[in-house]
Structures are given as structure tokens and as C-alpha cells.
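Next up: just one chain, as C-alpha cells, the form predicted alone.
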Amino acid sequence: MKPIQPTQRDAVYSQPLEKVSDFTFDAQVVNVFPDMINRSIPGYANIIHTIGRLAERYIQPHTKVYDLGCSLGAATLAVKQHCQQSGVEIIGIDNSQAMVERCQTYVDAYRGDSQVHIICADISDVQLEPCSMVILNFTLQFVDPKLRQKIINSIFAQLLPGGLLVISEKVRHSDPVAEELLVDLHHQFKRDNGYSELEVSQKRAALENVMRIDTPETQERRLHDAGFTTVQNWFRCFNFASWVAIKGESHE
């Protein structure tokens, strides 16, 4: 078993860059990711904790659970910690080899009854099998917008009746005044967590061509169009949101 690497403080964008390259989930980011995500996304720890609590309620015995875009496995491990059902298989999928390798060390170090498999693959290419819970935690925003409805449709098709999708995303707003206010509040949140103006600016530039975000209305319409009978926004802070989408019992 490989030793778990200690968490490092995020300083990826702390020095002036001659050219800011597009953001990638490479080894440099993996080394600081836990610090980066907690200092950048308001309420992230609460979202992860709630995913675990939702797992208690919705996972069905002898079924699969998918964490699509699992990164370092925070949601995967929350599910494993809280899952009370027998015969459950948790499958984490991420397209970053560096993320997958580090995630595997975390999973290997955590004991639990549920089997966990971490796979390096593109979620748009993966054929899901019948499952009772799927997690898309700040993942869809990095997927080609033309593929997003197809992915949600495929998740809905494989969810068992009563199954749950949790989807968390950064969002934008059609009202320009509201959008400017919430972006400013988010940037202040990052400053309050120790990021400099340079770091905030360079990180924003790095994500500009990589993270293509939707409005909350687009997110909810996509879920309803797929067939989900219950769609509920349960978390909101600044321009970050999370929904639960439940497949009705009447679907075969």
C-alpha cells in the first residue's frame, strides 16, 4: 500500500505567470487539491457530509453507486462511510490519471464493508450499469456542453426506481447585477481564505476556457427533460449550488 501524501497548501497561482495556461487536473493540482477545493468552494465540506447522509437514505442493497468525476474520492469515501446496505459496490471514475492514482491510496487506507473501484476514464464514454445512486460533484461543468444532456439521460436510464442523482455545480445568472454581485462575493470568500488578488485573477483566467457553467434554470430543465420526477435545489451559496434528483418509483 502506498503511503498517503500529506496535504499541501495551494500556491499554484501565487507567482506571476507570463502566460496562464488552461486549468488541468495534473500532478501539481493533485498535490494541493484538498486545500484548493476547501478554500475555493463555499460549503464544500457540508456538501460532502450531506452526500454521505443521502447515501444512508437512498442506496439500495446489492446495487452499484457511481461517483462520476471522483477526483480524490471525497464523495466516494463519504458514501462508503455512511452506507448501511449490504452488497454495495462504489465505482469512482475520473479522467485524470494523477487524481485516480492518489484517490486509490485514500480508498485503500479506509476500511469499510462496501467494495470501491477507482477507474481512469472519461465519464462521457462510460457505460453505466443499473445503480441506486449517482454523484456528479462539480463535474458536469468541465464536460462539453453538447454532451451534458446525454450524460444525464444515461444516468436516468440506469438509475433504479427510487434512485438518486446528486449534482453540484458552479452556476451563472442571467441577471447581470446578480451575477456581478455573486461573483464578487465568491472572490471575497477566496481572499478571506488567504488567496491574493493575483491568485484569484490567474485562477479565473485558467478556468475561463475549461469551466463552462450553466444557469440554475438550465440545470433543472436538463434534469426534468431526462425524466426525473423530483428535482430539488438543497444547497446554495453565492454562485455554487447542489441539487437532488429522484427517479420516480413508477419507472421501469
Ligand code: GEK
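Treat the numbers as computed from the prediction; the structure is a model and nothing was measured. Position 1 is the first residue in the sequence shown; the rest follow in order.
There is another form of the same protein, the form predicted together with the ligand; it is not shown, and what comes next is about it.
Remark: A121 counts among the residues lining the ligand in the predicted bound form, judged by a heavy atom distance of 4.5 Å or less. For the chain shown alone, V143 is a contact residue for the ligand in the predicted bound form, at least one non-hydrogen atom being within 4.5 angstroms.
Shown alone here, S96 lies within 4.5 Å of the ligand in the predicted bound form, counting heavy atoms only. Using a 4.5 angstroms limit between non-hydrogen atoms, A74 touches the ligand in the predicted bound form. Note on the interface: of 214 to 222, 41 to 49, 180 to 188, 57 to 65, the segment with non-hydrogen atoms within 4.5 angstroms of the ligand in the predicted bound form is 41 to 49. In terms of contact with the ligand in the predicted bound form, the residue from V200, A206, A226, I37 that brings a heavy atom within 4.5 Å is I37.
Distance criterion of 4.5 Å from any heavy atom to the ligand in the predicted bound form singles out F25 from the list Y13, F238, F25, W243.
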